[in-house]
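Okay, so we've got a single protein chain in two different forms coming up as structure tokens, structure 1 first and structure 2 after it.
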Structure 1
Amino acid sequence: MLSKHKLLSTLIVAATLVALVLASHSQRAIAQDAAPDCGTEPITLNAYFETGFDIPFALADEFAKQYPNVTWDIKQDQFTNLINSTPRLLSGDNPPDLIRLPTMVSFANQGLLMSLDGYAEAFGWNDWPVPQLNQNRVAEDGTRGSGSLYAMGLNYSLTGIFYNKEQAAQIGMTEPPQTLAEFDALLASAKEAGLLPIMQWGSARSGMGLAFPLQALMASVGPVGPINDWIFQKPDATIDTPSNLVAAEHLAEWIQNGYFPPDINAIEYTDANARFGQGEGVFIFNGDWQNAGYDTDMPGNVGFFLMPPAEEGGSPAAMSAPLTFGIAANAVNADCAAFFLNWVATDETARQINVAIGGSNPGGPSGLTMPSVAEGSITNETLAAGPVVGEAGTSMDFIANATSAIFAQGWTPELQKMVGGRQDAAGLLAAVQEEYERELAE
């Protein structure tokens, strides 16, 4: 039999354990109850979206239907204009609750973007597949890929080469090319047949679309690691490498061979896609966000493949990155904006919109089912390509995202000069690297 003293001690220990358990449950409940939302009072989300992309607008419309107390004040602009205006918008008197981010490192370092670490904890984002968040993390040393979270993706896009099936058949293409040499042969055949080999855009307003085939060529003839290191601003990273020179020289040959439209420097993004949809161009380098447009313009007549490797038996590569949105450091409705970002990835209807309109993987927790895709949609092909790149480990962010101004001040003008015969491959890479180092030094 226990003594009174021992019995009292036992009861105290038991009571303490019960209290600790209750406290633990209480803390979890508080954490869950404290997960931010948009409340019930009227809220107006101040947002900046990128012109030419329907998916954010469609998601905003659905969100307002499900949460009628939320209305949207949406402004929109071209990608290159957003690059230049984002610092002013983030630091202004009415900073955006949500903004499409062309890049983020400098904005994070300057304290203009809100760290989303608290929201990641509240919503459980840190338990999602690691690659979804890593591209949006910025470390204390200013490099990307680790550290605090400063943005989330509305979806996770993939780029590659779309093609007109009827025209591809005319030049003898019975299956996607397996090597760069096979792709070169198809381009030459298209030119000989009087067809435009590659439709692409190139205006300064839209941003030079030749950055897409250039980066694809970089990954075809060389490793993707140094490309990502450069984009993520790793120490001593350079875009001016021997393999990238080979890629730039290859692009210059395509230009000289007349594989692109002669007026490319004046073509806007939307015009290029409209012309491709009307049958101008056998191929176009673009991303899965354009799937719905291609299915509408050329139903059943559009195909997709990843950029083939230079060497037979090599792995295809692709740009695969989130459609990145952040919250201004001084945003008025940050909690509601973060709730929207979580809703986009977890709500069944939002995920269906992302696949049907955005054509992209909606991301989110690994246990969620992928929404259904209409039979015959090009989205079936782009979604199937995602795991191929993932297993090969050959995904990249976009070279336009390396710094806040590299697309507008580096790639676009230098590629336009190359089209005009005023820049060669070596000069292109040297000029872009110089701009990159200038920006990092500021």
Structure 2
Amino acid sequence: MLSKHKLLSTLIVAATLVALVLASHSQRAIAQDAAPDCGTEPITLNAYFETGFDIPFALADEFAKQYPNVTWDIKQDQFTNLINSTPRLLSGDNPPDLIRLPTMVSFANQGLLMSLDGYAEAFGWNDWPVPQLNQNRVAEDGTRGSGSLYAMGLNYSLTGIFYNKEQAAQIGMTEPPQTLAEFDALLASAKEAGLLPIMQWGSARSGMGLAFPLQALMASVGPVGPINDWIFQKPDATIDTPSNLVAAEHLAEWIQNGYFPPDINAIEYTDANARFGQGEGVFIFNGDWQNAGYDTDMPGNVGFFLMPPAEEGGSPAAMSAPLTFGIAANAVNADCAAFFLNWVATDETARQINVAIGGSNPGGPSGLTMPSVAEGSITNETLAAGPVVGEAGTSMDFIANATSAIFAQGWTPELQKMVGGRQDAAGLLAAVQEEYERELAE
């Protein structure tokens, strides 16, 4: 009697469970078809943002205003701390619905990140201009650039060369240099005029800023394809190529000519920008995320151009990286988070906030118009430069993002040694390649 009873109740429970699972599955499938959203029930998005970057916070505020059922539970941390804590956050008990991702390959391989392929299908992200998404794709063999989508960019930053307009005029620069040789001549005349040609940061704490001019030189004297292959960890990719050697030797020459500040190995990122704002340095290699700072420090006196190609008539190239956000594999509110990522790129107010505060291209479908920017802001120049790189197909990710420790263990110490006269161009590339292979072998 008793056992019969038990059996019956077990069967009922099992049947209910099966029905529930089936129901939730079919519900989910329907939701996918109709493009997921945040629903109407109160919902709390669990997010991890990067301290000091205002843009995600501003977007989150606006999103909550437009969708009042959404509240945010935002935790924040410094970028370097975020790099170290991301694996534990993703695998922890309360996986984030939305998280700023410094790197993604290892997390994707470890199954910690949700594949966004379903959402890309539902929202039509696959029809957006290609370079936006391919940096966030990871193939099954762990290479980036193609495969499943694991993250989206809140915006797409662009790097190049900012210049102090007054000092540039002083050295006879009437228009941005068209070739590397012209740029070299400007640097030489700046040095002759007693000005500091290039301000750049280089402390180990900030990460060596000479990686910016080095990569710009690499793309100026050679093709961007092999550089991207190396960053995306394609099989047999190497950074130690003949054209990269030419670039590294060129950088070594700039160092020897005294084009960088003598104390570069001790300069923090924030100090370099502050000193540039105070008029120390004609040029600085940096990205459009610093636009607001430059507009404040030197209003109307700052200009921007892309690193010119070595060959006359060649196309300029640039590092252009998405401000990457992903969704944890076990996130509770994945649909709402994906809806937010889509909203950021397509909603007019969101795009306006993105450009005004972030200074970067908000991405999205190709048909949308670019939001307007305050007149005289340097953002006008960086936004105008974006399509140039987009059309030429010469955008690159950052060489410091190839592996999680290549910046801390490779580029930074080796470039610092180069400044200190303890490393040459060939040795630099060989040492970084060795570190890269050691890390990939792990």
Partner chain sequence: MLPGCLRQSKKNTSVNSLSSEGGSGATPAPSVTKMTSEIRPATSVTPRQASANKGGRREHIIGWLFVIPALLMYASFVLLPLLMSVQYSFFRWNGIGAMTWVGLDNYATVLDDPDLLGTVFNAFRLVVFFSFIPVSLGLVVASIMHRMATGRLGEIARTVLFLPQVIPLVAAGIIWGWLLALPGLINEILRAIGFGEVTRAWLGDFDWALPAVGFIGIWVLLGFCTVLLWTGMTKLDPALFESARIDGASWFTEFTRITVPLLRNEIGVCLTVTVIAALAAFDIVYVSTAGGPGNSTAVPGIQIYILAFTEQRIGPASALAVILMLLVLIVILPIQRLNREAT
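Rigid core (definition): largest C-alpha set, two forms, superposition within 1.5 Å. No experiment lies behind these values; they were computed from the predicted model shown. Residues are numbered by position in structure 1's sequence, first residue being 1.
- By the stated condition, namely the form predicted together with the partner chain, the second structure is the one that fits.
- Here residue 221 and residue 329 end up in different rigid parts once the change between structure 1 and structure 2 is broken into two.
- Domain motion between structure 1 and structure 2: the smaller of two rigid parts turns 17° against the larger, based on C-alpha superpositions.
- Once the rigid core is matched between structure 1 and structure 2, the CA atom of residue 351 is found 2.9 Å away.
- Relative to the superposed core, residue 41 has its Cα moved 9.5 Å between structure 1 and structure 2.
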